[in-house]
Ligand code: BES
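We begin with a single chain expressed as structure tokens, specifically the form predicted alone.
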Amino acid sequence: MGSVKFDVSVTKGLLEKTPANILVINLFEGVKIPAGATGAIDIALDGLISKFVIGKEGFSGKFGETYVLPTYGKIAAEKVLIVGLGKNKDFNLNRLREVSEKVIKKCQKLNNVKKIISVLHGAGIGGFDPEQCAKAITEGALIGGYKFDKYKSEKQTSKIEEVVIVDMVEENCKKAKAGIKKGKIVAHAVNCARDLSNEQPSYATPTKLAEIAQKIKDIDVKVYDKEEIEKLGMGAFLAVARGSSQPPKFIHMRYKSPSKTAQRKIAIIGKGICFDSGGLDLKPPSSMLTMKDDMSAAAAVIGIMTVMKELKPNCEVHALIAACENMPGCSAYKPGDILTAKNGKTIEVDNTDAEGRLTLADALCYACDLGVDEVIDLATLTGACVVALGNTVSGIMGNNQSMIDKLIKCGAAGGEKLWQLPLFDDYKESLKSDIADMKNTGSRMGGAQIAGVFLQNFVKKARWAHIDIAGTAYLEKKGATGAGVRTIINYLMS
């Protein structure tokens, strides 16, 4: 795991009497005289917040705004960190998760901060359920506290040892405890995915992904090697793998709900290109720098499966990864080659750098052969999606509107934005081939949708959704994000 060294817990007590290095309180935008817990601390500090921080310093409570105030021994905490929650009407659990992340990053920059205590943000004036608030605070804190410094000789270790939510109401503490437990599960899955995506490509090979999957407790795992993949008829997947010295692995993880009432069978597929050089259609060096992240969807799927035992969704989950590298070795597949996918359809290779859809094609066929009700594939698939939606929104498309709507809603609940793109028949024209059933690429215009139309050829009967996380999975200044994890977890639990 990335370096998150602190724990999150809850305790019953009075904020002003609880010792800590930092006490975190909040303020909505435009409030001049604080109420609730912030008001109580203001009174204990003889009006320092209202008279000095707000009155003289002009602290407005804008979202993410912070102010550090010494307490001069008037309360048990050494300092108070006031954080702005923005306008009350705009406040929601996603904003709470985000502000919790900002608080941790701020505290990491302060000196000698080992213990942080915090109000149960959002449960008072915000009006949200204490359990949901505690879950959002925990997720934000543990995701915000993540650092990937495995390969740094000098670790920038945070001194934070614990974050404690303090509330004087017993029922709130009980609910917060349950929320913290859930928040830790989600944060673990997200940070697990980030670890794998941030890893160097020489470590995160197809073989290593398979080994990690096999170590996950309480799920069934089957790993197919090259010979077995050939017997499965996965000609598109194997073609992509040919140019690398690293052998391909097809990973099938299965979680079966202990509940006898479980009815849904769901397959989640994560694109697992462990490094993408572009193959013989070689990428420019600058475009290759972050191509270790082309297995971010596979990392997300593995992260999700690590917490199945704790989540206990009332469904059967099949997690699939066609893991390989796309390299220009002497056996590499070539433009003009004709590949035969698992369902017998033939594909003319128009561009070897459109490899992810080839591996997904065979994975989709495999998923549908399992007789699942629903298939969700997650992939860093197209630059076109990044151009269309940027780095904060993932594209989604599929064959069932109800399923797409539900996934968008589940994404929104987890703070992940999804935007539906169309799969019009007009796009099929672009994939036509004179010598095969289809080409693997078409026009650059509408590239994300054309990739979706290509994938649709390999879906049989099941309800299906394709989520393109090319823009959201890896950010230049932040590294891997764990995109898709919260959306899929919410969907499985819904």
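All values derive from a computational prediction rather than experimental measurement. We number the residues from 1 along the sequence you see.
Beyond the structure shown, there is the form predicted together with the named molecule, which is absent from this document and is the topic of what follows.
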| query | finding |
| --- | --- |
| Partner-contacting position among L421, A384, V83, L339 - heavy atom within 4.5 Å of the named molecule in the predicted bound form | A384 |
| Sole residue of V10, A470, V24, A483 within 4.5 Å of the named molecule in the predicted bound form, by heavy atom | A470 |
| All of I266, V372 and S494 with a heavy atom within 4.5 Å of the named molecule in the predicted bound form | no |
| Interface stretch in the predicted bound form with the named molecule - options 276-284, 308-316, 168-176, 187-195, non-hydrogen atom within 4.5 Å | 276-284 |
| Distance check, S50 to the named molecule in the predicted bound form, heavy atom within 4.5 Å | no |
| Non-hydrogen atom contact K249 with the named molecule in the predicted bound form at 4.5 angstroms | no |
| The named molecule contact at T441 in the predicted bound form, heavy atom, 4.5 Å | yes |
| Any non-hydrogen atom of R97 within 4.5 angstroms of the named molecule in the predicted bound form | no |
